[in-house]
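Below sits a lone chain in structure tokens, taken as the form predicted on its own.
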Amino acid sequence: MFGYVRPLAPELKVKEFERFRACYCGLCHELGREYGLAGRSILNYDFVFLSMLLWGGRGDCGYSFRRCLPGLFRKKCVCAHTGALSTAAGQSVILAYWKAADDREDNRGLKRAAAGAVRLFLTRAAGKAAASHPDFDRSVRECLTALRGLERDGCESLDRPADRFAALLASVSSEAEESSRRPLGQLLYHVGRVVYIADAYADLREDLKAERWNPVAARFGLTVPDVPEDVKEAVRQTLFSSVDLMCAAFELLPENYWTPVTRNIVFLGIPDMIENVLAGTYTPALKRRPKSPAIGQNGE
């Protein structure tokens, strides 16, 4: 994924924001523990959200205080190792590896070389992750192959490539608890659709300049990066139709320890991201909340 799925931080309680940071750091340590430096290099917000959804009914989170490379002189509160973090770590490595392989095919010059270097850097980690999550690895390969085919054909549909990426993300639900598998699959399908279209819209100017296929440009026949208001409104409508279905699926999931945070992401964070992408004001950094006391062992 691309780092678009994150909370609207000002609307979180301080303890909820601290828990989100602890989960983010916990996933980073899990990536390092299982896949080394290569794993840590691909950490993003999207798979923090995924680990929270995969949490199931495990109860609250155990915490520890650990140091990391960006903060050697102050220990951070970190979520303890869990199966959900391990699953999210493995799947994020697989997706990052195949995305780098796909970027290598799509780009030229320095960007092609950079994508090739990332792919090579992740090769060993991706092999280990694929051995643990073979179904997800196969789904990613199949969906990205289908996406490349649509790109080669100059597909003029926005829904067809978005559906392929959405199906890729929905396949994550196969490793969830059986009771939540169906609504989680629907939720992740629409999250994937939103992320794919939003990323295509954000890349519109760069893709047109480089003469690369872009699904938004192909669908609306755009040749210049200045998007007409009617096109922008059409994109907004298709994105928010998925948001509505995503919210409906979320309400069918059983509540767990992370529900206050995941509810914020689904109902506030993703809609806010969409509006910022459409307005050209989206930034990848998550706005920090004021510092607060450490969460403590019971997460309070």
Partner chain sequence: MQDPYKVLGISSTASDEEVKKAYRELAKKYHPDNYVDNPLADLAQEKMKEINEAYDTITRARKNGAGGAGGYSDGGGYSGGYSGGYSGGSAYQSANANYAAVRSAINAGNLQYAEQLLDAAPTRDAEWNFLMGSLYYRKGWLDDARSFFQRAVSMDPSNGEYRQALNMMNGASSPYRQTGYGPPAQQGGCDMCDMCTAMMCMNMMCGGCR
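Residue numbers count along the first chain shown, from 1. As the structure is a prediction and not an experimental result, all values here were calculated from the model.
What comes next is about the form predicted together with its partner chain, which is not displayed.
J.: Please tell me whether the candidate spot formed by D102, D106 and V224 is one where all three residues come within 4.5 Å of its partner chain in the predicted complex (heavy atoms).
T.: No: no residue has a heavy atom within 4.5 Å of the partner.
J.: Using heavy atoms only and a 4.5 Å cut-off, determine which of L43, A234, V261, A38 is in contact with its partner chain in the predicted complex.
T.: By the 4.5 Å heavy-atom cutoff, the listed residue in contact is A234.
J.: If you check S157, S174, T145, T123 against its partner chain in the predicted complex, which one has a heavy atom within 4.5 Å?
T.: Spelling it out, the residue with a heavy atom inside the cut-off is S157.
J.: Taking the partner as it appears in the predicted complex, which of 26-34, 60-68, 46-54, 262-270 has residues with heavy atoms within 4.5 Å of its partner chain?
T.: Result of the contact check: 262-270.
J.: In the predicted complex, is there a heavy atom of its partner chain that lies within 4.5 Å of any heavy atom of P183, even though the partner is absent here?
T.: Yes, P183 sits close enough to its partner chain in the predicted complex that at least one of its heavy atoms falls within 4.5 Å.
J.: In the predicted complex, is there a heavy atom of its partner chain that lies within 4.5 Å of any heavy atom of Y189, even though the partner is absent here?
T.: Yes - in the predicted complex, heavy atoms of Y189 and its partner chain come within 4.5 Å of each other.
J.: Verify the contact flag for Y257: yes if a non-hydrogen atom of it lies within 4.5 Å of a non-hydrogen atom of its partner chain in the predicted complex, no if not.
T.: Outside the cut-off, so no.
J.: Answer with yes or no whether R219 is in contact with its partner chain in the predicted complex, where contact means some heavy atom within 4.5 Å.
T.: Within the cut-off, so yes.
J.: In the predicted complex, which residues of 225-261 put a heavy atom within 4.5 Å of its partner chain?
T.: E233, A234, Q237, T238, F240, S241, S242, D244, L245, C247, A248, A249, E251, L252, in sequence order.
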